[in-house]
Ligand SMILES: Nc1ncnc2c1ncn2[C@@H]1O[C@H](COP(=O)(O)OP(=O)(O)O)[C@@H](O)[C@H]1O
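A lone chain, given as structure tokens: the form predicted alone.
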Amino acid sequence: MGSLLEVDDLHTYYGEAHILQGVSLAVGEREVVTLIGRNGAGKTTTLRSIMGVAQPAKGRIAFGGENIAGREPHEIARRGIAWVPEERRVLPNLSVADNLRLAMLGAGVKDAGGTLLAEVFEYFPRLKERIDYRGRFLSGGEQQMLAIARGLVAKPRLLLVDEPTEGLAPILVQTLTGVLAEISRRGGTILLVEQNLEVALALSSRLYVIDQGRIQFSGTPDELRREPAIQQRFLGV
């Protein structure tokens, strides 16, 4: 299995703060790979750097064999990476349908016969029920569903998902975990940022533990389960 995404020795600064200090990771085709760590560990900055929102000072980001480090976010998106940010960024004055249509327009995707929307509504039947609701009238869980749906309608080769279960009730966490698992089962490739260890272990083919901008562990869920010292030191478990 070849790597779709390869990040090598990534260094990113915010001002003078050295946030990422040599992060390296890889995501293979059809994999779910999770980057897990405490708040402030560098998880979101890694996604922002891959997406071009934060420009790395050093390092290589290869997507499909092409170095995309330093490119603008819209260029990276057009190459097939979709980003679902932690803050969701649902457009509050647009309906569910218009949020999704705008995401397709931005990605240059056409939905002949509405088949793409129908596929997304298979994952999220609740959104179909809310299709005419404006974003601001959706619950937090529904907004998270819409944020992921906006990523999916871009038909990405790689989906970056940042903290999808943060602040959600357990039943919604279970729902979203099931949806991400189904996306993977249908051939989707996901790089997930997550703090919930149970979710990460359930979904991932491989995991990276990050702390203070450095990768401290990489391995399979079973390998991480066998490392209670790693869990306690870097995840507070």
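Note that residue numbering follows the sequence shown and begins at 1. A quick note: this is a predicted structure, and the numbers were derived from the prediction, not measured.
Below, we refer to the form predicted together with this ligand, which is not included among the displayed structures.
Although the partner is absent here, Gly42 sits close enough that one of its heavy atoms falls within 4.5 Å of this ligand in the predicted complex. This ligand in the predicted complex is approached by Arg38, whose closest heavy atom lies within 4.5 angstroms of it. Proximity of Leu10 to this ligand in the predicted complex: non-hydrogen atoms within 4.5 Å are absent; the residue sits far from the partner. This ligand is not drawn, but in the predicted complex it has no heavy atom within 4.5 Å of Leu224. Heavy atoms within 4.5 Å of this ligand in the predicted complex are found in exactly one of 180 to 188, 61 to 69, 201 to 209, 43 to 51, that being 43 to 51.
Taking a 4.5 Å heavy atom cutoff to this ligand in the predicted complex, the contacting residues in 10 to 32 are Tyr14, Ile19.
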